[in-house]
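In the structure tokens that follow, a single protein chain appears in two forms: structure 1, then structure 2.
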Structure 1
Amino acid sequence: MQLYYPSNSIIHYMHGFTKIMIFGILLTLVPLFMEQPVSLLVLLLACSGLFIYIRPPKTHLLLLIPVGMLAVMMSLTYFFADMGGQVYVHAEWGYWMFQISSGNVLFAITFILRMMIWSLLFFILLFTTSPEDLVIGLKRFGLPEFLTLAVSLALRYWSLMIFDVKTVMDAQYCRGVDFRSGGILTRTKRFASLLIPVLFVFLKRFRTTSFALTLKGVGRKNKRTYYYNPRLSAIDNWAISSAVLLTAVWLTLQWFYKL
């Protein structure tokens, strides 16, 4: 499964540099300065609207489930510390302390809202940007060549690893291994049998990639050239100007009203 999927939304037509600037930097830093859950909730609703606007496939929507579960589980750690405020429930088990107070609830809610905002922004960026556009966008920030290459390979291997796991599962299924029936323990043992062949497939692919990069001279001092090098359009200039203006307005309101 590839994270990027083509569509006709305006966000899809933006340059990779524009989307990294807006969704990866500006809107990512704003939640760090928001102290009120109401402000974070408004920003979360705005990000949710953008996420719905790009119309991701159902398979991509399923990625929000583990992110939400992880955010809830990590927020529970705040209840094992004293965050101040009125205490509602307090319990101690030796060295462990658990309490529910107004401060703990506030910090937990703030953490969940920030995690969901960052996750939606991350998915919007990856769902609407191809790996090539993402690398070109990073290059415009003046990042070193090895860093952009690492990002490109990571995005490429995401889809390749999923494809390799599916290939190994199909091969095992043809040999009589059924992953769809049996109890939890039986299925766990069957899925564990995939580890060794999948590991060898990954190592083989890593070796092939290493040979290919060596033959192409990656790592030398000479710079790489790109056949695909799109330029910023009027949509990008408008989007960046609007994002910077809205960020400046919000910073002004934050300065006076402590939102």
Structure 2
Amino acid sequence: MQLYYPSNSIIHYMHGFTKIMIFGILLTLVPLFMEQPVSLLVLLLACSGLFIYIRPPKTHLLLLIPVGMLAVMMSLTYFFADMGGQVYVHAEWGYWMFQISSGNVLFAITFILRMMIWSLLFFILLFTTSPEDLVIGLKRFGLPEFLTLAVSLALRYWSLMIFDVKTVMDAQYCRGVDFRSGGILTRTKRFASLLIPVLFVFLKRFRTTSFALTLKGVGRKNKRTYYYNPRLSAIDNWAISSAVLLTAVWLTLQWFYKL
């Protein structure tokens, strides 16, 4: 799960805490209170500008495709209710109904815009923050030591898990299992043959991890020390203040003008 890539944008130099605060929390709140598609579109364009500014690699841009598909699929929910407006198509199956109207389309578009804004903001956070900085950022929020350690281990093991699955797949190849031919059912059955060995490989690995952590003294009363522990800089203070101000101004405007 290597979403982070090093670059020289200002966002890359910010502390993990700052980025979680700005892109994960503050700016995430704004679209939640927006109702007008035009306002959401303006915000989406602003987020796209920031996204382009961090210059993600082409491979990372591809991640927007499944998110976009997900947003469109989710927005279909709105076609199962009467959201008002001019009705174009209406069908009923007993208790359930399906309707395409101007109201339904408007709500669906609003939903897609909101989802895309959230995803862009979150990708900005993930693309510019290394897993270590992410964990240090979470720690600064006051999360307990055991939880940050668990998150950092989970992030580390995620890529190891993919490696384990590939190893088991290679072993199954050697035994003659073909994952590339056959119908969906046949392939599903063949992939299911990975489940048991993969699960046991994971559990064996975790048992070793448990021993290693115990030997390193995890859970003892002594406080854990860090070699890498960056502090908040002037850029961070400036960025957090600006984001807080921006969110407050936006929420005030929203309160009065229903943007």
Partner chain sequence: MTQLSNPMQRGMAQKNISARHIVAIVISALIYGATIYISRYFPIKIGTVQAIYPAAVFAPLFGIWFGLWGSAGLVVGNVLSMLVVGMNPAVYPLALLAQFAMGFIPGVMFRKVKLESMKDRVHFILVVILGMVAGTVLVALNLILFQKVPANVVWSTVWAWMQVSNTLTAAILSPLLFTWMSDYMNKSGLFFKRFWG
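One-based numbering along structure 1's sequence throughout. Superpose the two forms; the largest set of C-alphas matching within 1.5 Å is the rigid core. Quantities reported herein were computed from a predicted structural model and do not represent experimental measurements.
Q: So which is the form predicted alone here, 1 or 2?
A: The chain shown as structure 1 is the form predicted alone.
Q: State yes or no: after fitting on the rigid core, is the Cα displacement of F146 between the two structures at least 2 Å?
A: For F146, whose C-alpha is compared between the two structures after core superposition, the shift is 2 Å or more.
Q: Superpose the two forms on their rigid core, then report whether the C-alpha of S75 is displaced by 2 angstroms or more between the two structures.
A: It does not reach a 2 Å shift.
Q: Can we say the CA of S210 moves by at least 2 Å between the two structures when the core is superposed?
A: The answer is yes; the displacement is at least 2 Å.
Q: What is the magnitude, in angstrom, of the C-alpha shift at M161 between the two structures when the rigid core serves as the superposition reference?
A: Taking the core as reference, the C-alpha of M161 is shifted 4.3 Å.
Q: If you line up the core, how far does the Cα of D178 move between the two structures, in Å?
A: Comparing the two forms, D178 shifts 9.4 Å at C-alpha.
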